[in-house]
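Read the single chain below, which is given as structure tokens and is the form predicted alone.
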């Protein structure tokens, strides 16, 4: 999947750099919106290369018909010219009146592909054919037809290279229906943003040891075997709510929460426990630990740059921690 387009080097590609600068200036004038209806004010049209060749051919036919007084030549020339004019209006009307809505984009990890969903709404009593959408500057198009008075959904993908909160790249919609002699397009700047988590470390070490709870400093330290000490083997009579089903499925045996141990220790994830000197590797390891702890059904907390997320587990806890990692230092 393509990444967001990058700017050309001003010395290596001066013309492309000037063109990119102009496009950036022009795009900055477009409003940010997650829903747009295409009208004559935001739909543009130009002849394609085959369209220009057709125009030259018509001109040659017209000159030849005048010189040699060919009635059939006139007929053919004006017939083709009329078809081209009708095709121009049909092509422009294919996009004009179409409404595009951005579908909310899920958060992704760095290096993963973010999928942008666009819903196309057609209120016209006829089908709109051959509509393509892509990232602005990309050659990877997604094409669809939109039935009469109905909707169609198109997906466009891009790959964010850095963690953080990123705006959805500018999109373009295009059609050349029906003859391919004219290109009708528009440019759309969505207002939505995509949250990008750090990439989890591929082979992260085991979770760090649990810390004694405040006021229980005399408690023994946690084990060093990689399993957090809130887990023990299942004992007959343990209530089902104490069974850690995710870990049981992975280990092929039943395990339960040890409530006494859990009361004495807390699992805190912090940058200095990673043993790594740089921020980005630290965040990648913390991200992997969050996923590990969540997979094992453990309660875990996160201390990061003055932010304390209290120990808990579940989807909401995982999202809070991953969001904090994504926005650290932003």
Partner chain sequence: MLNLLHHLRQLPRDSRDTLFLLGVIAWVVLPQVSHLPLWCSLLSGAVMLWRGWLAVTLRPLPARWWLWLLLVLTVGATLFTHKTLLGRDAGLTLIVVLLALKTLELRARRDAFVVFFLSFFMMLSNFFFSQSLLTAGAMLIALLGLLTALVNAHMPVGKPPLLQAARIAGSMTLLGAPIMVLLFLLFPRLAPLWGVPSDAMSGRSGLSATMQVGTIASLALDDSIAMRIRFEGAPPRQSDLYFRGPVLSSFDGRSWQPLRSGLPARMRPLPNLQVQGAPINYQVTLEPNQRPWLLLLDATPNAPLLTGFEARMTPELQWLVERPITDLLRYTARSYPDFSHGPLRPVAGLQDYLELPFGFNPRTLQLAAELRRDPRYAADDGTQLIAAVLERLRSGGYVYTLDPGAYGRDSADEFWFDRKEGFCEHIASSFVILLRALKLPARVVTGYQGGEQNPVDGFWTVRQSDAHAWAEVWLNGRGWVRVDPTAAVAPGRVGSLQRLQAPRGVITEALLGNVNPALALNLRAVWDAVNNRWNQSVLNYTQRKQLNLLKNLGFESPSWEDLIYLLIGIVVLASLGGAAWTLWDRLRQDPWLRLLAQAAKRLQKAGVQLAPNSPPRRMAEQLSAQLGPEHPAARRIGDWLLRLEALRYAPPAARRSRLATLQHEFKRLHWPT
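Numbering follows the first chain given and starts at 1. For clarity, every value in this text was computed on a predicted model and none was experimentally measured.
Beyond the structure shown, there is the form predicted in complex with its partner chain, which is absent from this document and is the topic of what follows.
- Stretch-level contact check against its partner chain in the model of the complex with heavy atoms at 4.5 Å: of 197-205, 85-93, 165-173, 105-113, the positive one is 85-93.
- With the partner omitted from this view, the residue of 66, 30, 279, 45 that lies near its partner chain in the model of the complex is 66 [heavy atom within 4.5 Å].
- Proximity to its partner chain in the model of the complex, defined as a heavy atom within 4.5 Å, singles out one entry of 304, 288, 61, 38, which is 61.
- Contact annotation for the candidate site: 50, 101 and 180 all lie close to its partner chain in the model of the complex (heavy atom within 4.5 Å).
- Looking at residue 249, you'd find every heavy atom of it more than 4.5 angstroms from its partner chain in the model of the complex.
- Among residues of the shown chain, residue 254 is not one whose heavy atoms approach its partner chain to within 4.5 Å in the model of the complex.
- Contact between residue 145 and its partner chain in the model of the complex is found at the 4.5 Å heavy atom cutoff.
- In the model of the complex, its partner chain sits within 4.5 Å of a heavy atom belonging to residue 57.
- For the stretch 114-131, the set of residues having any non-hydrogen atom within 4.5 angstroms of its partner chain in the model of the complex comprises 129, 130, in sequence order.
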